[in-house]
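Next up: just one chain, as structure tokens, the form predicted on its own.
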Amino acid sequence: MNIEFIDIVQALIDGILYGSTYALIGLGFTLIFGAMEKLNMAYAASSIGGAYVGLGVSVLLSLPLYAIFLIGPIGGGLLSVLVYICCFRYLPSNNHLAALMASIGGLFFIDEIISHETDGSPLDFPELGIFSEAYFEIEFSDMFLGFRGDLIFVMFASFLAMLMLMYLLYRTRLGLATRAVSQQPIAAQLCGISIHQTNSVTFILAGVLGGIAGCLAAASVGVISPLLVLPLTVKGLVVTVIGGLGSIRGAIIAGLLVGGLESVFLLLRGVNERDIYVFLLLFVFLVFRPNGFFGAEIDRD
């Protein structure tokens, strides 16, 4: 197969645009880890579950397309706080392994429910209306670079969600409480901040982000499937580690990076080897920069 430089650039552009959904998933992992220093392995499952909820309610009530993008994030938030109650709320706060294993159980439980209700079959997901039909070309040195309208919308919606999250974290009392609990939980309690209530709200925020990401990812390909759960979980963890555990800007940059490189790997090596190189990228970071782009320094004893 004859692959030219312009093909690689085009694949990189498409991957970066789609990688904004990875950035949202990575942000959800980062929010929860930043608040509790624990990984919620059921996060991507609740995100896809939210997209399923949005699709199911919209089909049953014959609602328009935009209703999915309103109901889906709400469903993701509700599923996420349910995961918090079942897998984190009543476990000892110092037992990280118990919470990790419980969230893995939540991942498989939500995945099994989705597979059972859909018979494990993909479902058609409404495309992004006029955005899915739009296509823009830019001439660059006698070459043409194309931009898919639906992927532009995906990135725009993702960045809008990120900006809203940043506003909530750094310009509201809720964000102040969240950062206080993350940095000094005991001092936050002494100041009258409820740790469990703050963690619940953090899970809801992360679930809303995940619901948006799940809806955008499904709409960009026109299909939603239970098979999306595990790949999004893995990609979210890869993004979180590369960006640096607990780093919001790291999750955003790493999400775009992973999306772009994944698309290039797909072009050069095909779908069978694409994920191998993504995991190789993770391995390189774990060996040479284990704290990621912006994570706290790790003291290796």
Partner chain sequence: MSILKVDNLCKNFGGVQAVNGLNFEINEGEIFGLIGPNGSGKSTTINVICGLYQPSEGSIFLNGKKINGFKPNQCVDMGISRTFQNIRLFGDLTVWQNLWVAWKDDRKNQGSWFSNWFGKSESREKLISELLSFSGLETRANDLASNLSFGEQRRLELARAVASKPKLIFLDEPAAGMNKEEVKELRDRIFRLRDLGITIFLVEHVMDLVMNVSNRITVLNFGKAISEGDPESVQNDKAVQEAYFGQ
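Numbering follows the first chain given and starts at 1. Just so we're clear, the structure is a prediction, and the values are computed from it rather than from any experiment.
Absent from the display: the form predicted together with its partner chain. The rest refers to it.
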With its partner chain left out of view, choose which of Leu160, Leu97, Ile138, Leu190 has a non-hydrogen atom within 4.5 angstroms of it in the predicted bound form. Leu190
Only one of Val223, Leu176, Leu91, Leu227 has a non-hydrogen atom within 4.5 angstroms of its partner chain in the predicted bound form; which is it? Leu176
Would you check, heavy atoms only and a 4.5 Å threshold, whether Met101 touches its partner chain in the predicted bound form? no
Would you check, heavy atoms only and a 4.5 Å threshold, whether Tyr170 touches its partner chain in the predicted bound form? yes
Report whether the minimum heavy atom distance between Ile85 and its partner chain in the predicted bound form is within 4.5 Å. no
With the partner left out here, check for me: in the predicted bound form, does some heavy atom of Ser194 sit within 4.5 Å of its partner chain? yes
Tell me which of 215 to 223, 162 to 170, 111 to 119, 143 to 151 has residues with heavy atoms within 4.5 angstroms of its partner chain in the predicted bound form? 162 to 170
